[in-house]
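Below, in structure tokens: the form predicted alone, a single chain.
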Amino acid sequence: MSGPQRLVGKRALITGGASGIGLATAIRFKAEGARVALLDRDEDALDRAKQALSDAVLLPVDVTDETQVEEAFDSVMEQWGGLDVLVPNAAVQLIGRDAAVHELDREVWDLTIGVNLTGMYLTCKYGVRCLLASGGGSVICTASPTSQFGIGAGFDAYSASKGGVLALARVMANDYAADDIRVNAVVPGVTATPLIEGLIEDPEAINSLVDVIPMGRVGTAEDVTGVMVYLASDDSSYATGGVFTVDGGLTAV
């Protein structure tokens, strides 16, 4: 990558880091000079991530399991002695199972809230402790347009979980501003990642989505990484409590 590296010396941990936006962010962070740790429950995906991130810390972790999360942060702190950037990114979107609330199975609700919101809480619970011990840092939460607007019709569990993510990010920004910890949310739009494989493979569904995106295309995971780098870097030293939208204009119209 040409130009100065913006994350030299930064130590960054990313959940859901073995694929999609998490992996693209990890690769970009490494290119910008950071050390990266990836947490993901998909061990096969972690093995594949080694090819791009041979020197990364790769830990199989289910973010809904508090013991696993705590042990992962203990391991990272033991290896690095501190943490500067936390990206709670792990999420599920149960396409074909999520539904309007009157048809929504409790199992789908619990699983979605468990990964997307409780997983974020647990990641932040132990990650923020590491940032406090390290003298501050940046938390970058992955939200969704459905956290702001009711545009995810039929994805009621996912929309509710991401609304919680955004609310938690904003209150944490207030909680920790005096500790030099910045907390912001990135809001990717429709992005071609494994999370929405079911939609990407349905031409009718994806075309209907593209029709309402002013830029006329689905985003890529790499489209999101520039904002991630900005929020991880010292360039964003006065940015906290913000919502940074990367959606091709979807929520602007």
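This is a predicted model, so every value here is computed, not measured. A residue's number is simply how far along the shown sequence it sits, counting from 1.
Omitted here: the form predicted in complex with a small molecule. The next part is about that form.
With the partner omitted from this view, the residue of V190, A34, A37, A49 that lies near the small molecule in the predicted complex is V190 [heavy atom within 4.5 Å]. Taken together, the three residues A18, V115 and A143 all come within 4.5 Å of the small molecule in the predicted complex, as judged by their closest heavy atom. Partner proximity in the predicted complex, defined as non-hydrogen atoms within 4.5 angstroms of the small molecule, places exactly one of 149 to 157, 98 to 106, 73 to 81, 135 to 143 at the interface: 135 to 143. Within 4.5 Å of any heavy atom of the small molecule in the predicted complex lies no heavy atom of A169. The small molecule in the predicted complex is approached by D62, whose closest heavy atom lies within 4.5 angstroms of it. For V92, a non-hydrogen atom is located within 4.5 Å of the small molecule in the predicted complex, even though that partner is not displayed.
At a distance threshold of 4.5 angstroms between non-hydrogen atoms, V57 is out of contact with the small molecule in the predicted complex.
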